[in-house]
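Read the single chain below, which is given as structure tokens and is the form predicted on its own.
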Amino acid sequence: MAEPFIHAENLAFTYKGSGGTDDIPALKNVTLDIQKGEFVAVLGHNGSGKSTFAKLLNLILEPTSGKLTVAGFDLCNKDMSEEDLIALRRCVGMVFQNPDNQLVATIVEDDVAFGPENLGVPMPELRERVENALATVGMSEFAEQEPHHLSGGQKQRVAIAGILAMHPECLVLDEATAMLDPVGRKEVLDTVRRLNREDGMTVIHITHYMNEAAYADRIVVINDGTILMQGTPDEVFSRRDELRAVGLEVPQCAELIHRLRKIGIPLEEGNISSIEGCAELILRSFKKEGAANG
């Protein structure tokens, strides 16, 4: 098997206290591999350590101890060169919660050009990258608009376009849909799923929306700085009581399946993380019951 795109081994990070306050351990002995092209959702309640993990992936924060490699870069190497740091951040693009904090220009196309221009990308390649990135996120018609006239979902798609124009291998979304309405969240998630599915981009989606996590290849649940569980969406959401014990819910469709089983309806194992999968399970159960009753 190929080397994982991201490899964490006994990874730890501690926020240093100030003014006599105690140090705060945010991550403790996290061991995790993420393969190139994988779509991984990371769940956890506020303060669990999931956003800290995201910020370690391109050295916004530096690991306190353990091992962390991303795309072949050793992020625990204290002597990493400036050139390698730039290459790492070109490889791993970050999109944060508030799109207004990432938009720096007065025109959409100028904003998208900001990152690659600072990397020294020359014309006409710069123009081509901007046009392609805007087309990828469905924002070409807004190229000459002022960002403050856009909706929240549109702003976040522009922020993603700015990252895509830098040609990253990995996209890290750190609560990037948290401030958006349902329409905006769908716009962003559809874009990200397409990038993963069609372009093979590695996606790390830090979120507290269970319905968004259901679309991932794998879910990792972090609690109190450690990995509590991981698996496919169906595997993780089947552990409903354990999730609720750490302040997390499951998607409504998975909750429905759990309650139906609890009252004695014999539902098979299967896809409980999507509406379509749950409907199929329920339909099969009714068909079997009808056949048994002749």
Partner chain sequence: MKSIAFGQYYPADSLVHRIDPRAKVILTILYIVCTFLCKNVLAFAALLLSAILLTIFSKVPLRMILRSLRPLIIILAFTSLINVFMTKGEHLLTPNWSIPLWGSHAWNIRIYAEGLWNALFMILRIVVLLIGTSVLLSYTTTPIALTDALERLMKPLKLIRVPVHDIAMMTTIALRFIPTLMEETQRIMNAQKARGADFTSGGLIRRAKSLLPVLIPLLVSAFNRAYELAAAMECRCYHGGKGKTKMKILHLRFGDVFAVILIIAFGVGIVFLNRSGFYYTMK
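Positions refer to the first chain, counted from 1. What you are looking at is a predicted structure, and each value in this text was computed from that prediction instead of being measured.
Below: the form predicted together with its partner chain, not depicted.
- By the criterion of a heavy atom within 4.5 Å, His148 is counted among the residues contacting its partner chain in the model of the complex.
- In the model of the complex, none of the heavy atoms of Gly184 sits within 4.5 Å of a heavy atom of its partner chain.
- For Val130, a non-hydrogen atom is located within 4.5 Å of its partner chain in the model of the complex, even though that partner is not displayed.
- Using a 4.5 Å cutoff between non-hydrogen atoms, Asn58 counts as a contact of its partner chain in the model of the complex.
- Relative to its partner chain in the model of the complex, residues Asn98, Ala105 and Gly115 are all within 4.5 Å by at least one heavy atom.
- This chain lacks the partner; the member of Val221, Ile163, Val203, Ala214 within 4.5 angstroms of its partner chain in the model of the complex by a non-hydrogen atom is Ile163.
- Residue-level contacts in the model of the complex: of Cys76, Ala135, Ala178, Leu126, one residue has a heavy atom within 4.5 Å of its partner chain, and it is Leu126.
- Comment: 88 to 96 is the region of 68 to 76, 187 to 195, 205 to 213, 88 to 96 lying near its partner chain in the model of the complex, near meaning a non-hydrogen atom within 4.5 Å.
- Contacts to its partner chain in the model of the complex (heavy atom within 4.5 Å) from stretch 214 to 249: none.
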